[in-house]
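Just the one chain here, laid out as structure tokens, in the form predicted on its own.
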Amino acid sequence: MFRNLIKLGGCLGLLSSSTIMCNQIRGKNDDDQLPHYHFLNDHDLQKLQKKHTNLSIIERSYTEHILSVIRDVQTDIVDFRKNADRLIRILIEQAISQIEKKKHIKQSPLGYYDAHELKFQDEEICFVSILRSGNAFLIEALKVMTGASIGQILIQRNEETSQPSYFFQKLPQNIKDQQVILVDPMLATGGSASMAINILKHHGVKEENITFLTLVSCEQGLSKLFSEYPKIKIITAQVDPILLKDINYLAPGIGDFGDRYFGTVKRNQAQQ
């Protein structure tokens, strides 16, 4: 898929202080070359979080093995799903940790203690999936918060223009009173996520009540969302160094997450 599309001339540097190295790796054939992408270092990630104070990036030690597996073009659907679900669970737990808590005294088998529990009941939490790929989050979401409600927004990207198109939405009637966790595995240009947040706001949801979860992101998408909706929170597992200009894919990226997770592409097709 990428061999005929990836061009070094399409690489955009994301951080002024970063030196993004795209070294050519020679494959089995002499004319088979793919770029080697190097991730942002800790200094650049800290700089990014300082720029966007509502951005949380999961500690690298929790995610680097999992991301290494799901990025691998050789990973089959079983291991891809298993590790994607693990990473999704980490993101969801991080989102819940940022929800306001209430303090009260409870009793353990040995005595009393200060309890810090979520201020909101499960029913006051709503996971909103950007279809189709966002649905991958829902299994883990309902394991963690079994009483949470589910909303769905169908937005698809035009592959020729890279612009998002809205098709469908189904949201709870009381969503304006809920804490909303918006989910989509990839944040590239930010067009689809921006449209989804705009839809939520039109339904009365306050920006400060929206947390956006994404497995992999880039600075272009992050900057777009924070410039348009400065009060939202974003949690990501990793910030990729490159957004390929011609096709608006993250690099090194994951490929088409939806196809790989839902089994609508064969493994050998992902290598083309």
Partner chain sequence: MFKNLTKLACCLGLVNGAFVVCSQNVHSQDRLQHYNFLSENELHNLLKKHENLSILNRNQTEHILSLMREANTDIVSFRKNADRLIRILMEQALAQLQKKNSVKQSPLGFYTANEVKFSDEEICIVSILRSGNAFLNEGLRVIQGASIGQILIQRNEETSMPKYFFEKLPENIHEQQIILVDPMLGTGGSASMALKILQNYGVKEENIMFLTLVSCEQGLSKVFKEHPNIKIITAQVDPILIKEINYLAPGIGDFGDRYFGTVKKHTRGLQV
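Numbering follows the first chain given and starts at 1. All of these numbers come straight from a predicted model, not from anything done at the bench.
The discussion below concerns the form predicted in complex with its partner chain, not included here.
Contact annotation for the candidate site: L244, I247 and A251 all lie away from its partner chain in the model of the complex (no heavy atom within 4.5 Å).
With a 4.5 Å cutoff on heavy atoms, Q152 counts as touching its partner chain in the model of the complex. Contact check for R132: a non-hydrogen atom falls within 4.5 Å of its partner chain in the model of the complex. Proximity of V78 to its partner chain in the model of the complex: non-hydrogen atoms within 4.5 Å are present. At the 4.5 Å threshold, heavy atoms of F168 reach its partner chain in the model of the complex. This chain is displayed alone, yet in the model of the complex one of Q173, T161, Q74, S97 has a heavy atom within 4.5 Å of its partner chain; that residue is Q173. Only one of A115, I139, L118, M195 comes within 4.5 Å of its partner chain in the model of the complex through a heavy atom, and that residue is I139. Exactly one of the stretches 88-96, 185-193, 144-152, 104-112 approaches its partner chain in the model of the complex with heavy atoms within 4.5 Å, and it is 144-152.
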